[in-house]
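In the form predicted on its own, a lone chain appears below as structure tokens.
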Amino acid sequence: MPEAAETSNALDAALSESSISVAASAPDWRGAVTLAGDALVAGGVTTAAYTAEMIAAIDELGPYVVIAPGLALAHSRPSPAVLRAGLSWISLTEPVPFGHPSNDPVSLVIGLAAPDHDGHLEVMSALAGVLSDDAALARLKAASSPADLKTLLSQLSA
């Protein structure tokens, strides 16, 4: 288990303000995943090809990315479209269904990209620590700006 300072640093390094969108709107799950992919591109984490890879993975495997009620962790396999490990954060004003039998609809889509199979483990561990706290997750979902979200993440993971 990483120390609190390592957790805070891992999340801070993986999630830039340009990769965060709060109060976003998407017509459906494809639109929500596209927003997450666009935010990864904006943060310099991936190329646009990775967005198509994330959508293709869901088309092929179903809504496996919906990992908890209201929460999707959009990702795909490591590929040349991944420039570095990183995250994006998209909170939706209106939740969208992904087709998951028990965790729909989704109001938070976190995009995850890793250049290899081990490159995201520290970030995932840090993220899991924050997301497993229902009260913390509710505060994060209510963030009013990317700066507000970054500040909350830093406080909650410290």
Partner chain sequence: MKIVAVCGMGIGTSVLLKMNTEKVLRSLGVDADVEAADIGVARGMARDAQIVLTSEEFVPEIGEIDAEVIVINNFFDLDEITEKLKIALD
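Residue numbers count along the first chain shown, from 1. Bear in mind the structure is a predicted one, so any value in this text is a computation, not a measurement.
Missing here is the form predicted together with its partner chain; even so, the following discussion is about that form.
- In the predicted bound form, its partner chain sits within 4.5 Å of a heavy atom belonging to Ser132.
- Residue contact check for Ser76: one or more of its heavy atoms lie within 4.5 Å of its partner chain in the predicted bound form.
- Proximity of Ala128 to its partner chain in the predicted bound form falls within the 4.5 Å heavy atom cutoff.
- Put simply, Pro101 is close to its partner chain in the predicted bound form: some heavy atom of it is within 4.5 Å.
- Heavy atoms within 4.5 Å of its partner chain in the predicted bound form are found in exactly one of 25-33, 110-118, 87-95, 38-46, that being 110-118.
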